[in-house]
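Before any questions on how it binds or moves, here is one chain, the form predicted on its own, in structure tokens.
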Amino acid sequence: MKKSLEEHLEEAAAFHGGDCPGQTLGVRLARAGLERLGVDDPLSNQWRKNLMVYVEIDRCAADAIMVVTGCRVGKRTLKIMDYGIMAATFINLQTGTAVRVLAREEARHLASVYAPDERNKYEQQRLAYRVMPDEELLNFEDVKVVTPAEDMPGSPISRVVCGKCGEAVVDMREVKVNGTNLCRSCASGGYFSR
């Protein structure tokens, strides 16, 4: 790993706008996932388009994982799968090798062992997660991930115009209704209303 744990923690806190247990977990998840894949410099040209991460939570850890891996939503190398689980899957797109890293629930309760002098539980967790061994902090699972072509990094593979609102829809996100291409908002309602 090119950067130290401390450097990653500082960068993640600066990007996120503060330091917290979730940031520390995100940094540890990312570093462990990269290590399991054999990625020593995720920001190198070799890995820029060959590393993908699926993050299972849309909280603090996601920011930290972005910082450590260099994966981004806009580059289509970071996917947010908001399952509400403190976990992420790291994929080598060249080989298809994937490892899912999960923060162990038991680690929250072990925090007092690793930071016994700290009385604030969040600060105790933040400090403990920095030093807790991977075996006590994380679970690892080799998994298989099939990423469809329309979700891969690179230029859009398709572009159609919604037959109702006229907006362009890329990467096969359209819905066919009675033979007409519609954006998802027009087809079934969106998060906003006009």
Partner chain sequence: MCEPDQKTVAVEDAIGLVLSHDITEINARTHHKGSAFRRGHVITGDDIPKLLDLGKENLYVLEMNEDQMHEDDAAVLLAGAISGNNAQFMPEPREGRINIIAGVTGLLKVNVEALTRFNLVDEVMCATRHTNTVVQAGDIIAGTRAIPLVVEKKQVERAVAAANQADGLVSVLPLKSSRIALIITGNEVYTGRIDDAFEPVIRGKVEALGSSIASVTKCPDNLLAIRQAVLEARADADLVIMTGGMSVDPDDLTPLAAREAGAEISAYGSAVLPGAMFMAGYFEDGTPVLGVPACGIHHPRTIFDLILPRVLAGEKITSDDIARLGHGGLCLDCEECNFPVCPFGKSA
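Note that this is a predicted model, so its numbers are computed, not measured. Residue numbers count along the first chain shown, from 1.
Another form, the form predicted in complex with the partner chain, is not on view; read the next lines as being about it.
Candidate spot K144, A149 and M152, all three in 4.5 Å heavy atom range of the partner chain in the predicted complex? Looking in the predicted complex, the three residues K144, A149 and M152 all sit within 4.5 Å of the partner chain (heavy atoms).
Among 46 to 54, 162 to 170, 128 to 136, 60 to 68, which stretch has residues whose heavy atoms lie within 4.5 Å of the partner chain in the predicted complex? Only one stretch passes the 4.5 Å heavy-atom test: 46 to 54.
Taking the partner chain in the predicted complex as the reference, which of L78, L93, A115, V99 has a non-hydrogen atom within 4.5 Å? So the residue touching the partner chain in the predicted complex, by this definition, is L93.
Across 156 to 194, which residues bring a heavy atom to within 4.5 Å of the partner chain in the predicted complex? Read in sequence order, the residues that approach the partner chain (within 4.5 Å, in the predicted complex) are I157, S158, M172.
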